[in-house]
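To begin, one chain is listed below as structure tokens, in the form predicted alone.
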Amino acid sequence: MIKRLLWRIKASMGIYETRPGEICGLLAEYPHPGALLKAAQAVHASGYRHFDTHSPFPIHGMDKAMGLGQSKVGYITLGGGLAGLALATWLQWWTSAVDYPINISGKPFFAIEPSIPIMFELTVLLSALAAVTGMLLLNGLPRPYNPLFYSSEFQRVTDDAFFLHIAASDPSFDQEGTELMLRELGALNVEAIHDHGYSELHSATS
């Protein structure tokens, strides 16, 4: 039960686990952003969910094509902002009215008006930290190792290449059928990716 839950959480982060010695997935290269976008739409429509796209720059409409829906980072940011506001309010009330009250010209020990700057600062600070932390967690980052690094062609993804990767962990995955579909969608080439482990990759590239 717990393993299944962890497997689903990792899959939502784009981390698709496979058994040792088994194929990790198929990596298909497409000639231009438009072809990659259409391929992503077709792959999602075919029922695949464990797949990702890789390109040198963001492609407009790719989130919708992959069926990702609205990002949850906004909700995480809102939670961080509300936590910062509550913390700032409690902190100033506790220090001024409870822990160390000082009577200054008969003014109230705690008031909203002079507390606004600290409330604003902590709201912005915690919302920003929550946004960055949420983005990293939802993307499964930092991730220094990925089985795709074994592909020599994948090194061009930061330059001029466009790739679509379908993980073998997807329930709809069938190596021959999936490869045929990717080629029919206009893939220039399709490569089977195997996970040999980080240690072997490190020794091969050092």
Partner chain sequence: MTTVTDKSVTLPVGDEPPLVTGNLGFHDITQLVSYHTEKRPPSAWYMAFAVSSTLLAVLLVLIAYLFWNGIGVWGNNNPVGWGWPIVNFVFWVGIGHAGTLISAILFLFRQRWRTAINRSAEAMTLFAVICALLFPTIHVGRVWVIYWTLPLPNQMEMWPQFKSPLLWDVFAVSVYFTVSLIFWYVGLVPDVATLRDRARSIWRRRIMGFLSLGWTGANRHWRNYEKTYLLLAALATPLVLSVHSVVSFDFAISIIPGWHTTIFPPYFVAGAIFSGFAMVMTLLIIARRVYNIQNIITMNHLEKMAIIILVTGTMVGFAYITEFFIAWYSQVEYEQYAFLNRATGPYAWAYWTMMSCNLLFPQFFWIKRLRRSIPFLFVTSIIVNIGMWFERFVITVISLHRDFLPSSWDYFNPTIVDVLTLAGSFGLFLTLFLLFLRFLPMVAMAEVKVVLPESDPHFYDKEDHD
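Predicted, not measured: the structure shown is a model, and the values here were computed from it. Numbering follows the first chain given and starts at 1.
Here the subject shifts to the form predicted in complex with its partner chain, a form of this protein not shown in this document.
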**Any non-hydrogen atom of residue 185 within 4.5 angstroms of its partner chain in the predicted bound form** = no
**Asked** So in the predicted bound form, does residue 37 come within 4.5 Å of its partner chain, heavy atom to heavy atom?
**Response** yes
**Prompt:** Is residue 47 close to its partner chain in the predicted bound form, meaning a heavy atom pair under 4.5 Å apart or at it?
**Reply:** no
**Prompt:** Counting only non-hydrogen atoms and a 4.5 angstroms cut-off, does residue 53 reach its partner chain in the predicted bound form?
**Reply:** yes
**Request:** Could you list which residues of 107-127 come within 4.5 Å of its partner chain in the predicted bound form, counting heavy atoms only?
**Result:** 107, 108, 109, 114, 117, 118, 120, 121, 122, 124, 125, 127
